[in-house]
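This document starts with one chain, in the form predicted on its own, laid out as structure tokens.
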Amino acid sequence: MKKQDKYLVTYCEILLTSTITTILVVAFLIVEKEMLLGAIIGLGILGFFIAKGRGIPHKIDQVYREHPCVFYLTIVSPVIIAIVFCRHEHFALFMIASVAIYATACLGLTLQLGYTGLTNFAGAAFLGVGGYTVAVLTNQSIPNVLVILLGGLMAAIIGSLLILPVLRTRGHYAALVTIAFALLFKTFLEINDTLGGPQGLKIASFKFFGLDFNEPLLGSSFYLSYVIAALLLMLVVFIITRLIEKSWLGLHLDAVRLDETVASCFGINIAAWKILAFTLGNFFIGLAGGLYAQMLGHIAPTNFTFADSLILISIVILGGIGNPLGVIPASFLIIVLPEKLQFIQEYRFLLFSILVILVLVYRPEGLLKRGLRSFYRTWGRERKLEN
């Protein structure tokens, strides 16, 4: 088979897989009966093993690395169809927007944990920093888009202060610093009457060039505007994260994660790269928190607990540590599944704990394993010519 024909077959298989997955996801979001939900979950599990047997995950990763534009086209097109199909479903659109926002936040954690090896158990706290910044500044005469950017900037600034004690510790001690910050942040919100105390703050609707996001868009659900904004934000952050991974920046971050001593011997400034990863990752998390607050319309300390930080870490581990693509399906499983299956709602943290343990024991690379680094496409060709 010619190389062009082989790639065409691969693209068709990926497009077919993404289309079937989209159909199952739409059905899962719309259907309410638990028996039908169980059947859809069973079909999804069966389809996953069939796709794995045909090597679809490996082909997706190959196209994702070699031809990103084609990959985005084959993945984004079914998503757009799904959004159009669910345009009147409030719950379905809210879930899609929530998955995109959580995936954006987890991309920031991927930059920290997956690339640099910095464990951040305060992800929900930085979501809260972005959210509360938006809540305070929304009523001011500042464009809402700029307010969300300021939310990310505030999260980055506070993260740059937290990184100072993190740099003086290592391993589980550094993780304890972030845990302490997460607990202190929630307590600070509860006792601070300026920020609404335990009741929280109400947030005005998001406006963009005169478009009120709390008004129905083209006769559909008002959540459609937030879905579009959340997906665009996720796409931009995903591309930036992917470019960092492929560049010499990602190479330095990987060197810091793998062995700090060896990296410092080669002249890599360990502290500088940790500061960069921690600050930029928190900036992404703050952006997600700002948009999330706008979509909710009201935030309180209960929205940003330590348990929510554990959910973010669970998504990164389940999706595959260091693989930005894996956080998207992992976010869907962690966020949407408990909402649809209400009978497991009370036990979701117990189930998350069991799931993380099983993943760490039996599949530590997560749902989508991070592939080997490749900088130039010509390396493989030159090696073949030499042979």
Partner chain sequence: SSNETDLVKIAFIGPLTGGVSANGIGGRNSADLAIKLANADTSKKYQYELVVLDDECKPNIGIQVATKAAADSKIFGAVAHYCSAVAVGTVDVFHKFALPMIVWGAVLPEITYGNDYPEIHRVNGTMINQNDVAARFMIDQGYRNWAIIHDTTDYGKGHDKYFTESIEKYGGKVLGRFGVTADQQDFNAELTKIKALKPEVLYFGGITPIGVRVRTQMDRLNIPALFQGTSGIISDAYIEGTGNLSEGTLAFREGDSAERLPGGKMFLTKYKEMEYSSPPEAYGPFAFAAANLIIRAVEAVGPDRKKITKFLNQIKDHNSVIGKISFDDNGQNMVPLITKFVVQDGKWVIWEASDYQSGQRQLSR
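Everything numeric in this text was worked out from a predicted model, so none of it was measured. Residue numbers count along the first chain shown, from 1.
Just so it is clear, the following notes concern the form predicted in complex with its partner chain, a form of the same protein that is not shown.
Where does its partner chain sit in the predicted complex: which of 128-136, 291-299, 142-150, 103-111, heavy atoms within 4.5 Å? So the stretch in question is 291-299.
Is His67 part of the interface with its partner chain in the predicted complex - any heavy atom within 4.5 Å? Contact check for His67: no, nothing within 4.5 Å of its partner chain in the predicted complex.
Check Ser160 for me: does it contact its partner chain in the predicted complex (non-hydrogen atoms, 4.5 angstroms)? Output for Ser160 is no: heavy atoms all beyond 4.5 Å of its partner chain.
Is there a non-hydrogen atom of Leu224 within 4.5 angstroms of a non-hydrogen atom of its partner chain in the predicted complex? Leu224: no contact with its partner chain in the predicted complex.
With the partner left out here, check for me: in the predicted complex, does some heavy atom of Leu232 sit within 4.5 Å of its partner chain? Residue-level check for Leu232: no, no contact with its partner chain.
Quick one: name the residues from 75-114 with any non-hydrogen atom within 4.5 angstroms of its partner chain in the predicted complex. Stretch hits, in order: His90, Phe91, Phe94, Met95, Tyr102.
Report the direction of the Cα distance change between Ser353 and Lys33 in the predicted complex, compared with the displayed form, as closer or farther; the change is 3 Å or more. The answer is closer, because the C-alphas of Ser353 and Lys33 approach each other in the predicted complex by 3 Å or more.
With a C-alpha distance change of 3 Å or more, do Ser353 and Ile41 lie closer or farther in the predicted complex? Relative to the shown form, the pair is closer.
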